[in-house]
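Encoded as structure tokens, the following chain is the form predicted alone, with no partner shown.
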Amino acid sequence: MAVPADFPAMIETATPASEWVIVLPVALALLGSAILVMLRKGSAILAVLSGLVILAMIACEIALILRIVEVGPVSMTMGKWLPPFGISFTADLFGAVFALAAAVVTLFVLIYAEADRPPEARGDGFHGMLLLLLAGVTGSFLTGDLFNLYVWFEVMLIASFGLLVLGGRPIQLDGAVKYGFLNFLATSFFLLSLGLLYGLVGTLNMADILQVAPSANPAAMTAVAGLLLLAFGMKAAAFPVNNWLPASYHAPPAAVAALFAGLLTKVGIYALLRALVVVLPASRDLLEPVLALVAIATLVIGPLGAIAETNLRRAVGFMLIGGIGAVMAGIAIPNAAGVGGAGLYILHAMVSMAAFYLVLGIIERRTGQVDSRQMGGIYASNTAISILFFVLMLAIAGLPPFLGFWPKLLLIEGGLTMGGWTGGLLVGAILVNAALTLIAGSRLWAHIFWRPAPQEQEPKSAIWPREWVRGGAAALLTVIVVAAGLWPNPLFEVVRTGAADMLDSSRYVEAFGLRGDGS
């Protein structure tokens, strides 16, 4: 146990009212989910209630960010028992900003879904599961305890499995089996690593582990870190455990796929960033060659898969996997630019990939096809959608002036600062990833928009108001991508503070009420 005998086991002062804002977003999502499940046979008011809950979560998360900017990372421990007994919610700037981004993305996906879902789908529990998924994502970003992180992963898995099979089409059930099996396997590895870690250090609180880990067996701790790398790598769809993603993300409705692409893999890679860079930095150093190898392979193989794929959503799924490689590169680069670039890439990918999948849904509705070889001629009938696709493709490739450019620039800076063969190979892989992603995206754009439509079909025309609402939701997310790319300074402030708190954990440890001197 990390707490010495003369140190109190309980927090002896009242919890300030300002700290309740850490748990309020999760509590609101869980409460809203329960109410909406009970009211699932209701009417269109379910969407309004869902939107109000998400807006309330956004307000809480903005207040939480302002609080962190003012005083640094904040924590609230359940029952006032200090670690290792109490379970803590802890938020630094990265965690709080990611939680805010998740809520914003979910709000736009909800708007899109209301215009996309058929009337007969009402009463299927979609809104309750949507909020349950958001609760799991938000809890994962804000937890300060690894076992609690496992619990939120389970919440996400249950909700995402439910959303994946809504509708009951055979392709959805096929995708759900692949998705469910590999994610259950990843969860098992995660639980196994937690058992081993608890046996080694006697605690699962992240700040507490930071203090105890230096005295534990290095080889055993590295084995635990390796298991965490495997578990979170599967959740994030890093190479070579990535095949479940393109095999399942093409199956559900576009809104659900957008939610998955924007949130789920980002939680997995964020958990890996938190576990290896913050909680187990010594083990990360030992695993650095493995991390670099996985990052390089994921960066290159992801967009190569997109070039070879003809199914539109599966192709974009491979692009998504390539982006996971960028974050892996940041984990392999142990300096401020590398970790900051990884954090900024997660934020960029949450917004950009969600918007991209929403645009794909509109394209599929227009053409009635899922194979890019059967599409064409949409540029003439809907120039706006072609522009959205083109902008998002450039952003995901990492071209200026869009948001995706800045994290890749930081990662390249971090790799050059790191130096050596590892830094050079990572920089080269990031540049190759950008070029291959651009080729894959340009090929898709040319097939879908520039090439004439097949003679046997013509693109369907827009239907007011549903088509406009769907396009509006995708366009607003794209505007965020463009605006953040043109005015990146606020995000650079977030990156600077977030990366500093990850590399120097003293403020994070202090937030728990523990001594940060290792005593």
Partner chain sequence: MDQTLAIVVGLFIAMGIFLLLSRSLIRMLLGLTIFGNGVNLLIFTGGRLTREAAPIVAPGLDQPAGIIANPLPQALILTAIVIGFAMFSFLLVLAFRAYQTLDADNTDNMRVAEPADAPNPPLSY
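Positions refer to the first chain, counted from 1. Quick caveat, the model's predicted, so the values are computed rather than measured.
There is another form of the same protein, the form predicted together with the partner chain; it is not shown, and what comes next is about it.
Checked against the partner chain in the predicted complex, the candidates L185, I387, I301, V432 yield a single residue with a heavy atom inside 4.5 Å, and that residue is L185.
Between the partner chain and the residues I439, A115, L293, V212, the one pair within 4.5 Å by heavy atoms in the predicted complex involves I439. At least one heavy atom of F147 is located within 4.5 Å of the partner chain in the predicted complex. Under a 4.5 angstroms non-hydrogen atom cutoff, the partner chain in the predicted complex lacks W421 among its neighbouring residues.
Within 4.5 Å of some heavy atom of the partner chain in the predicted complex lies at least one heavy atom of F189. Though the partner is left out of this view, G180 does reach within 4.5 Å of the partner chain in the predicted complex, counting heavy atoms only. Looking at 361-369, 96-104, 323-331, 164-172, the stretch with residues near the partner chain in the predicted complex, meaning non-hydrogen atoms within 4.5 angstroms, turns out to be 164-172. Candidate site formed by L157, G195 and H250: every one of these residues places a non-hydrogen atom within 4.5 angstroms of the partner chain in the predicted complex.
Heavy atoms closer than or equal to 4.5 Å to the partner chain in the predicted complex belong, across 199-217, to the residues G199, L204, ordered by sequence position.
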